[in-house]
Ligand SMILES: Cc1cc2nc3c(=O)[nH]c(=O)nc-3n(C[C@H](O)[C@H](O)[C@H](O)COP(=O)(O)OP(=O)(O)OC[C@H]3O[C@@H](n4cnc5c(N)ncnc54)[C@H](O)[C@@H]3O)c2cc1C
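Presented as C-alpha cells, the chain that follows is alone, the form predicted on its own.
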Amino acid sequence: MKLTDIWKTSQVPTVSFELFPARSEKAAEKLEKTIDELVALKPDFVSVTFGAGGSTREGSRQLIEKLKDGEGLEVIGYFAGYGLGPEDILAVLDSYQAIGVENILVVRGDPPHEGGFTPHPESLPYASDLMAFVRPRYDFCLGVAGYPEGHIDAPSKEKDIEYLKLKVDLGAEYIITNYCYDNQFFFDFLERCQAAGIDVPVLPGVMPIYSVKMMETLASLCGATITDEIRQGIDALPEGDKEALLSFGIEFAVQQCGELIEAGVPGLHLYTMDRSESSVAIVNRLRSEGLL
C-alpha cells in the first residue's frame, strides 16, 4: 500500500522504523533479533537505507524482500543516487518494482567514505535531479528528505526550503525529516513549508540516544543540535552507566514524541540504528499512555 493511502485511512499516528542492511555475520544475527522485536510491535511500515554509491545495493534489496515477503511489512526503499549513472538507477528501481515495492524515498546520498569511488559521468548531482528523472518513469509513491535545522550543505534555511519545494513540485508525495532534539526546530520547519506552499505529509524522524559517542558523531554529520537540556541531563547521570543513559534517552524520546503527536503529526519514524530496545520501550510507553 502506498504511504499516502496509509495516512488517509489510519485513525492514529503511524509508527515506522528505519533499518539498514547488515555488513557482517555478527551484525546480521543482531539484525534478525531486532527485526523480530520490532515486527512484534506491528509497525505501519519500515524503511531500508541504501548505502553511499550503491554500496549496499544487493543487501538493501534482500532486506526489503525479507521484510516484505517474510514479515508481511510495507516497506519504503531508500534510493540514494549519488554517483550512479542512468542505467544503474533504472536497474535498482526496476528490481524494487519487480518485488512489489510501492514506496521510495529519493535522496542524494553522501559520497562513499572509502577511496577509489568515481561518480558516473552522467550521474545526477541532486535529489531534485533524481526526482525529475524517476517521476515520469515509475508509479512509486515518492518521498524526499527534509531538514528541520537546514541541510548541512545548504547556504540557508530559506534556500533549503526552496530546494524542498522544487522536489515536491517535481512529484514528491511525502517528506521524512532528519531528527532534531528540540521540537521547536520541527515546528518552525513546518511553518516554513506551509509558507512555501508545501502541503504534503511531513513525517518527523526521531533518533533515540543510544550512546554519547554515537550522539556526538551523528550530530556532527548531519548538523543536529544537541541541546543544553540533553547535555545537562547526561551530565547528571552516573558516569559510564550505559543503562542509565539508555533510560534517559527513552524518557526524552517519549516526551518528544508525545509533544509531536499532540501537535498532529501523521506519524513517527524512529531511527533504530538496527537496535530494538529503545524503540520497543518508546512505542510501548506511548501506546500505554493512549497516544498511539
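As the structure is a computational prediction, the values presented were derived from the model and not from experiment. Heads up: residue numbers just count along the shown sequence, starting at 1.
Keep in mind that the form predicted in complex with the ligand is not shown, yet the notes after this line are about it.
A.B. asks: So in the predicted complex, is the ligand close enough to Ala154 to count as touching (4.5 Å, heavy atoms)?
C.D. replies: The answer is yes: Ala154 has a heavy atom within 4.5 Å of the ligand.
A.B. asks: Just to confirm, Asp110 within 4.5 Å of the ligand in the predicted complex by heavy atoms?
C.D. replies: Flag for Asp110 set to yes.
A.B. asks: So in the predicted complex, does Asp160 come within 4.5 Å of the ligand, heavy atom to heavy atom?
C.D. replies: Result yes; Asp160 sits at the interface with the ligand in the predicted complex.
A.B. asks: May I ask you to check whether Phe17 falls inside a 4.5 Å heavy atom distance of the ligand in the predicted complex?
C.D. replies: Phe17 lies outside the contact set for the ligand.
A.B. asks: With the ligand left out of view, choose which of Ile104, Ala80, Cys180, Ala172 has a non-hydrogen atom within 4.5 angstroms of it in the predicted complex.
C.D. replies: Contact with the ligand in the predicted complex is made by Ala80 alone.
A.B. asks: Ok, Tyr138, Tyr126, Phe117, Phe133: which has a heavy atom sitting within 4.5 Å of the ligand in the predicted complex?
C.D. replies: Filtering the options by heavy-atom distance leaves Tyr126.
A.B. asks: For the chain shown here without its partner, which stretch in 189-197, 72-80, 86-94, 207-215 has non-hydrogen atoms within 4.5 angstroms of the ligand in the predicted complex?
C.D. replies: Among the candidates, contact is made by 72-80.
A.B. asks: Of 259-275, which residues get within 4.5 Å of the ligand in the predicted complex if you count heavy atoms?
C.D. replies: The stretch 259-275, when checked against the ligand in the predicted complex, contributes only Tyr271 at the 4.5 Å heavy-atom cut-off.
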